[in-house]
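Below you will find one chain, with nothing else, as structure tokens; this is the form predicted on its own, and questions on how it binds or moves follow later.
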Amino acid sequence: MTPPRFAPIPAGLPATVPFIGPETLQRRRGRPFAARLGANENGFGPSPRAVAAMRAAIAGIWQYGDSTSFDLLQALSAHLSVPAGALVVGEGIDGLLGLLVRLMVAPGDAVVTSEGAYPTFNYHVAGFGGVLHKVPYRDDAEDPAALIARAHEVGARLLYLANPDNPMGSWHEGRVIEAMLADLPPGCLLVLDEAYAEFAPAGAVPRIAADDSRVIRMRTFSKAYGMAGARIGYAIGHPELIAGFERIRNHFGVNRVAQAGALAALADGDWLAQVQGHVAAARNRIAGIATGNGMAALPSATNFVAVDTGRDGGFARRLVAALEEDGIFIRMPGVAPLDRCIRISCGPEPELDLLARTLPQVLRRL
């Protein structure tokens, strides 16, 4: 029997999984991880208020969520001092990136990003027939000047930049991002991924008007707010651009439990401050573990630390695999020369204690 025929664009694509999830890895190894330090999740958990709000909302799960996320949009508007019309809520940054690419990129359109930057964005571009153009990192950070130059060369429709950056944890001052806007080629939109903004120094967050038509900013409740499993994020952009999402978005894609949790999390500034403190302490602990094992932690403005192994990508891959065998889940960048590093998420002290005990043993075996 002949299987169904795919449409031309997906028919020409390989089956791609941007990240192999820890659950898949656990099934392969036949047992759970003792330390889950690879997915940049917030192991310190969500606000207790958010947990209570989500628990209370469960009884109403038989109802579809508010398709407009009205209450959350109003709260975000007040929290950010941004008009509600400049905001859209979606299924995490990943979902919003997919919608943005669908909205802005036609088959053959040029899109610029960095070699080794967030692969899920690339996955969406390929899925809608865009053509990716990549520039290398410079000094373990995305290179704004090179990105702008390539955008001019290829007539890019979108230019993607994460600030702070994943997978290296590096960041640029806000004024650098502001200067990029002035240099964008005509018709190019800067996609500014700010998933880790709550962990960044104040100076790393650019001062950009919400209605600036040259940029769209992506934020999430997955990281600092500890709600990765709820799949909820938002974007800030020019009202006409934001209105475009209404043409293509999944209007009931954000469930009511996630909306309730995000609303409560946003109101709990004390918990956010506690998490930020825990993350800062964990970054220092990871840096100490790295140094004690002859490696170097790179400066980070995120909830993870990139650790330079001082060796090559082959060694780093063996190290990741060996730690996985011993029950510790971490990840690493996938492109040289970044792949000389491993990437360790900030987590609770017991998990970092296990890392501290296990890493020297694994290094001796290797």
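Residue positions are given as counts along the sequence shown, with the first one as 1. In this text, all values refer to a predicted model and were calculated from it rather than measured experimentally.
Absent from the display: the form predicted together with a further copy of the same chain. The rest refers to it.
Although the partner is absent here, R150 lies well away from a further copy of the same chain in the predicted complex, with no heavy atom inside 4.5 Å. Put simply, G229 is close to a further copy of the same chain in the predicted complex: some heavy atom of it is within 4.5 Å. Interface residue remark: A39 is counted as part of the site for a further copy of the same chain in the predicted complex, having a heavy atom within 4.5 Å.
The closest heavy atom approach of I248 to a further copy of the same chain in the predicted complex falls within 4.5 Å. Annotation: in the predicted complex, residues R31, I208 and D270 none come within 4.5 Å of a further copy of the same chain through any heavy atom.
The contact with a further copy of the same chain in the predicted complex, taken as any heavy atom within 4.5 Å, belongs to V254 out of A235, A264, V254, L161.
The contact residue chosen from R285, H133, H278, R102 relative to a further copy of the same chain in the predicted complex is R102, the criterion being a non-hydrogen atom within 4.5 angstroms. Look at 123-131, 142-150, 172-180, 291-299: in the predicted complex, residues with non-hydrogen atoms within 4.5 angstroms of a further copy of the same chain sit in 123-131.
The partner is not shown here, but in the predicted complex the stretch 37-70 reaches within 4.5 angstroms of a further copy of the same chain through a heavy atom at A39, E41, N42, G43, G45, P46, V51, M54, R55, I58, A59, I61, W62, Q63, Y64, G65, D66, S67, T68, F70.
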